[in-house]
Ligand code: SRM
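We begin with a single chain expressed as structure tokens, specifically the form predicted alone.
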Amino acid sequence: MANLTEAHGPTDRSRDVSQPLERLGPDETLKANSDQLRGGIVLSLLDRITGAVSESDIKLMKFQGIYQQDDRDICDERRRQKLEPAYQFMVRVRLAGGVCSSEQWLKLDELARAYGGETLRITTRQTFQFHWILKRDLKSTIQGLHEALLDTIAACGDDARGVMCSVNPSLSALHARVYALATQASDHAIPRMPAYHEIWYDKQRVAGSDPEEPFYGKTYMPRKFKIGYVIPPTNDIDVYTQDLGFIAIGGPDGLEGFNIVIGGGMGRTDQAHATYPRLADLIGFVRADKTMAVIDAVMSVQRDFGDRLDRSRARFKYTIDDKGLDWIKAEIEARLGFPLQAARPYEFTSNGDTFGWTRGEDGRHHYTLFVESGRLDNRPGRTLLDALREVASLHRGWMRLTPNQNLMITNVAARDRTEIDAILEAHGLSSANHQSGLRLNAIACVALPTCGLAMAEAERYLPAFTSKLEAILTAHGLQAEPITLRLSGCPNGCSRPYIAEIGLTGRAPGKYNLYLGGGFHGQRLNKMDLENAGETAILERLEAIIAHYAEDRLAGEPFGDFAIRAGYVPEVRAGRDFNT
């Protein structure tokens, strides 16, 4: 659980809860009056007349990792039959760095088969989502996770979301040290949330005079807050999209510390120019033993100064742009009680995954398997869910989810490699990694039919769209080119489309905005090239640019760099430039 009662030097970790409710927006007022997120959730769960919970409880349950959704494929038919929507719930697991044991994997598999429509989904933040959970099965699902020492606290909501971490912690001692800090950060930064234990584990409420949330107070954070740890040269977590990013700096004696970046975020609203994606700014360096203090200081600045009236501008990126980066940095240093050191040199060369077998410093082996859109299920000729259950039953090591929605089977003894290969082959997965460079670097959000925010397809559309784009690339001899493609069903950008070399965000069924020119290493925002366009127009536009790219690209020039150099889109230098 959260470790938010410990002091870290002079950082002010208390929360001023004296702000009048009339100065809070509706969601802030709801939080303040929710009895620390208890609301009426217990009664909503007992109501068997409906498959839903109350409107206020929908918002409060997000803090507990749960979203109410409905099956939008059948909503019109149910409306015609005068039935309520086919309500179901998405449950997101808190899984720091995407690492779980084989035993935990088997429990997740069991719960998915029992309650989650026989499918699991790897998210773009290295965790699992269950879909299709009915209200009556929520408690059994969360208690089942608890049996495997897993929970869903702060997997959603206005709090510190699941902490991301770069690559496989078993590859080297440096990776292991960074992962340990990411795990500590996950436990440290989440709310204590006694309500969660009472609602889902049937714990008795214990009265006390101390505040339940000494850091978060009664209104928690203004919006979600995302933290990530990355190890150059691979920017697999897209560190510049994090509210707070730690870039590991290694030396002869191991981990020296971290460069700190702040203020990243993808979410935006179409036609609302006051909202925009933003990349994080580099503000300095700290020793590794100061990272928890940095988390406290940075989060408390956003907690105290983030916008609590206009929710569309409540993310940390807007606080930074409104106050000024220099002001924010000075406030962070004041709360730390010491100045940040000058940033150390580093370089990113990729943000993708390395597929197949690799070998760590300790001689153990690790296998990365391509999982399109992160969807784990069984299909004719490709029984992925069954295969991974067999692997987890054989392999008593660890499984790890990558930020690109793929899976790593880690810490494998040399003698077990052959058997794992045989399992994958038996389930139609021996050629899963034999894909084009485009497909291996493509990710998508869930979108329809479950996400209530989706305006267009994403996960279900990605395979077909990728195939059509692959045909164009193959015609120009570029089938192996590793171009980053990100597809999102709405402008919120859960698949991080605004840093992709080719990004699509849904506007309406079959209609998307097309963005070009993102950085191959996740270091640059892209720019809109087509607005509200259909597939034919998008493919025609991309075919013309790809043909030009094949003829005139420089040696080693990524597609996103070419799109800018050739004048198709201008370079975006700051978040505020995105909409101009």
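Heads up: residue numbers just count along the shown sequence, starting at 1. These numbers were taken from a predicted model, which means no experiment stands behind them.
Separately, the form predicted together with siroheme exists; it is not shown, and the next lines address it.
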Task: siroheme in the predicted bound form reached by all of S101, L120 and I409, non-hydrogen atom within 4.5 Å - done: no
TODO: Flag R439 as yes or no: does it have a non-hydrogen atom within 4.5 angstroms of any non-hydrogen atom of siroheme in the predicted bound form?
DONE: no
Open item on the list: Does any part of Q435 reach within 4.5 Å of siroheme in the predicted bound form? Heavy atoms only, please.
Closed with: no
TODO: Decide whether Y549 counts as a contact residue for siroheme in the predicted bound form under a heavy atom distance cut-off of 4.5 Å.
DONE: no
Open item on the list: Can you tell me whether G306 touches siroheme? I mean in the predicted bound form, with a 4.5 angstroms heavy atom cut-off.
Closed with: no
TODO: Counting non-hydrogen atoms within 4.5 angstroms of siroheme in the predicted bound form, say which of G265, G245, G97, P222 makes the cut.
DONE: G265
Open item on the list: Can you work out which of A444, V167, V178, L388 has a heavy atom no more than 4.5 Å from siroheme in the predicted bound form?
Closed with: A444
Open item on the list: Taking 4.5 angstroms as the heavy atom distance cut-off, pick the stretch from 527-535, 32-40, 511-519, 66-74 that is near siroheme in the predicted bound form.
Closed with: 66-74
Open item on the list: Using a 4.5 Å heavy atom cutoff, which residues in 310-341 contact siroheme in the predicted bound form? It's fine if the answer is none.
Closed with: R315
